[in-house]
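In C-alpha cells, one chain follows: the form predicted on its own.
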Amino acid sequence: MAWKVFLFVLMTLVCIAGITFPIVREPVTWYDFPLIPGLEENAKIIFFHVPTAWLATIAFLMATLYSIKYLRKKDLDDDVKAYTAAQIGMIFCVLATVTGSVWAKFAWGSFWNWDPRETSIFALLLIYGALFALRSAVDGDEKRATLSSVYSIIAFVTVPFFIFIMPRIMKGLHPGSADDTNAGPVVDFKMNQNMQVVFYLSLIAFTILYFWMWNVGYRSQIIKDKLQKQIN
C-alpha cells in the first residue's frame, strides 16, 4: 500500500511540475526551466511523451522474454505474462503516438506529418496489432501460445530499429533526427538540473505505474481464464 501512495505522490509532483513550471530564457529560480531552441514551451511534453515511448519498449521487451521462456518450458503462465506485457505495450505505444501528435500540432502545424519517427511508431502499432489478430484467430491454448511467442520474438527485432535507429539516421522534423542541429537527441537536451530531476522522476513514476498495471493485468487474465474453464 505504501508504494501506491508513493506512486500517487510522485505522479502528482511530475504532473504539477511538468505543466505549471515556466520555461524562461534565463532561469533564476529553482522552478524555472531553460528555453530549449527549437522546442520552447513544447519541451514540456518530454515529461509525458518520452516515458510512454520508453515503457512501450520495456513492455515489448518483457513480452519477448516471456515468449522465449514459454518456448523453453511450455508453461502457459509465461504466455499469459507475455500477452499481458504486449497489451500494456500497445497502450503505451498508443499514448506515445497521441502525445507525439499533440506536440506535432503545436510544433509543426499538424497532428501528423509522416516524419520518420511518426512513421516508425505507426509501423510498430501495425506489427503488434497483428499479434492480437493472430491470437484471436488461433484455437487451442498451446498452439496459440506457441505461434504468438514466435511472432513476438520476431516482432521485437524491429523495435530497436524503429525506435532507436531509423529516426536518427533519417532526416526529419523530430528532435534527434539526422539533420537536427537545434534541440539535439531527446534525452540530451540542454536541460538544467531542475528539469533533469523532473524528467527522471517522470521516468521512475511511469515505470512503477507500468509494473503495477502489468501485475494487475496478469492477475486479471488468470482469473478470466479460470472463469472460462469453469463455464466450459
Partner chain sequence: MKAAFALLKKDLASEVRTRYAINSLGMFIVVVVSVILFSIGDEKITDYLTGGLFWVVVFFTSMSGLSRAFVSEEERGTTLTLQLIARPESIYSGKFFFNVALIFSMNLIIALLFSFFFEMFIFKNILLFVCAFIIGNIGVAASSTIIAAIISKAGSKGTLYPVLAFPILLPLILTLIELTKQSMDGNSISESSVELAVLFCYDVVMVASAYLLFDFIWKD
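Think of the rigid core as the biggest set of C-alphas that the two forms share within 1.5 Å after superposition. None of the values given here were measured: they were computed from a predicted structure. Positions refer to the first chain, counted from 1.
Not pictured, yet referred to below: the form predicted in complex with its partner chain.
The closest non-hydrogen atom of W108 lies beyond 4.5 Å of its partner chain in the predicted complex. The closest non-hydrogen atom of L76 lies beyond 4.5 Å of its partner chain in the predicted complex. When its partner chain is considered in the predicted complex, F161 lines it closely, a heavy atom lying within 4.5 Å. Within this chain, L95 is remote from the site of its partner chain in the predicted complex, having no heavy atom within 4.5 Å. The three marked residues, A53, I58 and I88, fail to reach its partner chain in the predicted complex, with no heavy atom of any inside 4.5 Å. In the predicted complex, the residues of 129-144 lying within 4.5 Å of its partner chain by at least one heavy atom are, in order, A130, A133, L134, A137, V138, K143. G129 is not among the residues whose C-alpha shifts by 2 Å or more between the shown form and the other one once the rigid core is aligned; its shift stays under 2 Å. For L71, a C-alpha deviation below 2 angstroms is recorded between the shown form and the other one after rigid-core alignment.
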